[in-house]
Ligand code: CDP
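Shown here is one chain on its own, the form predicted on its own, set out as structure tokens.
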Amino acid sequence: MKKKFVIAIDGPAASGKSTTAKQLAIKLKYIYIDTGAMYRASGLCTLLQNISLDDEVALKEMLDKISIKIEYAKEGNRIYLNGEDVSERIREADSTKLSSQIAVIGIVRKKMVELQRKMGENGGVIMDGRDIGTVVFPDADFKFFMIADVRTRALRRWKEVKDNGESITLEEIKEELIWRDKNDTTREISPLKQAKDAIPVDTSKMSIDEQVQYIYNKIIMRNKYE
């Protein structure tokens, strides 16, 4: 491809954006930047340093020194927090729970956006999240907004947790997604919303391969004329 683009993929939980972004990155030979993992890592950092989320002074000191790096690996990106590989640790329940809490703290989001922009300044990156096309990269070369009905998303998430041996009902997951949708779209800081120039992608009846190919085709077609 002629140009290395910045590609933003936003959408609600379980809409397929992360899986699609990862596979699209492989197809394009781009770097996939997992913004959710970055918030998980910052949450883990507060745990390791025993910092309360209410302690803004301590939080600021932590953020001033924090180092989060994402390195490509065939089996999946590795996440490094202050030089330590925390790829598995940030997926544990305590880090997952903290990530949604820390993500709404202004100074944390400011730092993560700063790091994300630094990672994407030379292009050739794909980021997914809630505010990539609206806040992190409002001038991204491509913006996609992925949606799916809540039942489809609940089924997807239920299958994931079931495969991991977790015990949770489909209805519980559906209720959690409804709560997360409301929380994400109504929060004061960087709420989830579709950028005006984003391309909507309804994944309700699309397989992952179809999602990847659809977005890939959009990028390739435009690249031909630039």
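When you see a residue number, it is the position in the sequence shown, counting from 1. As the structure is a prediction and not an experimental result, all values here were calculated from the model.
Below, we refer to the form predicted together with the ligand, which is not included among the displayed structures.
Taken together, the three residues Tyr39, Ile132 and Arg157 all lie with some non-hydrogen atom within 4.5 angstroms of the ligand in the model of the complex.
Residues placing heavy atoms within 4.5 Å of the ligand in the model of the complex fall in a single listed stretch, namely 7 to 15, out of 20 to 28, 7 to 15, 213 to 221, 200 to 208. Of the residues Val86, Ala148, Ala103, Val125, just one reaches the ligand in the model of the complex with a heavy atom at 4.5 Å or closer; this is Ala103. Checked against the ligand in the model of the complex, the residues Asn77, Asn82, Ser99, Thr152 give one hit for a heavy atom within 4.5 Å, which is Ser99. Within 4.5 Å of some heavy atom of the ligand in the model of the complex lies at least one heavy atom of Arg187. Within this chain, Thr46 is remote from the site of the ligand in the model of the complex, having no heavy atom within 4.5 Å. Contact between Lys111 and the ligand in the model of the complex is not found at the 4.5 Å heavy atom cutoff. The ligand is not drawn, but in the model of the complex it has a heavy atom within 4.5 Å of Arg180. The single residue of 76 to 94 lying near the ligand in the model of the complex is Arg91, the criterion being any heavy atom within 4.5 Å.
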